[in-house]
Ligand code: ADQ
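Next up: a single chain in structure tokens, the form predicted on its own.
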Amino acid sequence: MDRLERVVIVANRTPAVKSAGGLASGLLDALKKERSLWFGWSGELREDPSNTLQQFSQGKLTVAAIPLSPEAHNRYYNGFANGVLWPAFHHRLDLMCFTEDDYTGYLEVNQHMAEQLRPLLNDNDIIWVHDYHLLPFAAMCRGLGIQQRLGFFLHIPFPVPSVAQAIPRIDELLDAMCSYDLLGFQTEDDRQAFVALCRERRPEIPIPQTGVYPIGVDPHALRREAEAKPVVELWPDAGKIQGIISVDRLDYTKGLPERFKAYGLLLEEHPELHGNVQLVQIAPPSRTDVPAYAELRHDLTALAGEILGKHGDLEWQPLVYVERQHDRAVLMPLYRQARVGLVTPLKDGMNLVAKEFVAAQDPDDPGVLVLSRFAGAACQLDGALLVNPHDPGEVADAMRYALTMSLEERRARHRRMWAVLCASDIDGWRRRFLVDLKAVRTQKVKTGEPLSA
């Protein structure tokens, strides 16, 4: 890209907030090295959020953050984004809760963000918008006369047409999404689902260019972090107790109750493992004021107690369940200590925990990844043991196989997955998307066909 071009990231949260998440940690290092702007919500709630744009610099990156009013945030974020889009995109229509007021609030915040961004833009900016909070953002920008290239990347899955059609106002959302110049998805299945839905419901609307961009990690940096002295030695007697580790946000998409049931079944069917295996589940709570999440937490606590009561004794705890957030510097050495990484979401866009676990392993004595085939990462990590998270017997069998797998097979599986991590890392993901976004400007025919890799 020429020197006059600037990358503008637009996301729900700015990296000014500690909990900005994987998106921030994945892009910040690269953006600090080139002239760029990150725009989004500051994480601050104010009754009067007008005229309170905050800007600061991190290297060559400028961060521009705006507050929202509590009411606006509740309607936009808790209401429509996480009350409708999140469950529906993860195929949980039963948890969808729609109101017209929330949908209006969702549109209003997208409009407000577009209005706040417009005076910050330069003519040659390339705007890269992220995730389901901002599906209509490009339409708002075009309505304000913003002509810069606009790309969008969806971090979560896109639902199949039969599910997506149940989303209220889906036709309006599809029309708005088609205002982008490039739409990026985690997997080919997600991309095809979007294109099929557009062709079925909005055949008169030109589909923008689409592409598949599986998000990656920085495997070499993660390996270095994993090699650091661990803050906690979970399984000091590695010859006796083999560790299984799972790390997830406490969310109904992650398959946590199903996972606990599979682990309980493993202990029932293989009593020889008693005293020799331990599952550590780290699951920091989120959205605790939402009934579905509160119910999930209650169910998971009950299942944990059942496993401990039935199988544990004074000398051995088969399960350690932790509801605290831990940063990556703590987690990476924990991944390296584990014999098995258990990543079994019911539905996930990618799931970077799976890739982090692989990156953390000692190549001479690696652990085994047990991975849901419904995570986007399953399309890339063919060295994992792929399972159906809804089938406790299948997951239990995979755990048993992982615990007894030969060193030779573990090394071979890890080599394959390490090569994938290096070939499609976070920097390559960023560069591919931005190169493709620049290229689509000259393409006048928009068919929804994928860009070549």
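So that there is no doubt, residue numbering starts at 1 and follows the sequence shown. The structure displayed is predicted, hence computed values, not measured ones.
From this point on, the text means the form predicted together with the named molecule, which you will not see here.
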Partner-contacting position among R149, H133, H155, H311 - heavy atom within 4.5 Å of the named molecule in the model of the complex = H155
Within 4.5 Å of the named molecule in the model of the complex, heavy atoms considered, which of L346, I282, A72, M177?
-> I282
The named molecule contact at T210 in the model of the complex, heavy atom, 4.5 Å = no
May I ask you to state whether I245 is within 4.5 Å of the named molecule in the model of the complex, using heavy atom distances?
-> no
Using a 4.5 Å heavy atom cut-off, state whether S372 contacts the named molecule in the model of the complex.
-> no
Do R249 and the named molecule come within 4.5 Å of each other in the model of the complex, heavy atoms counted?
-> yes
Can we say R224, R339 and S424 each have a non-hydrogen atom within 4.5 Å of the named molecule in the model of the complex?
-> no
Can you check 227-235, 264-272, 364-372, 322-330 and let me know which stretch has heavy atoms within 4.5 Å of the named molecule in the model of the complex?
-> 322-330
Residues from 345-365 in contact with the named molecule (non-hydrogen atom within 4.5 Å) in the model of the complex | D348, G349, M350, N351, L352, V353, E356
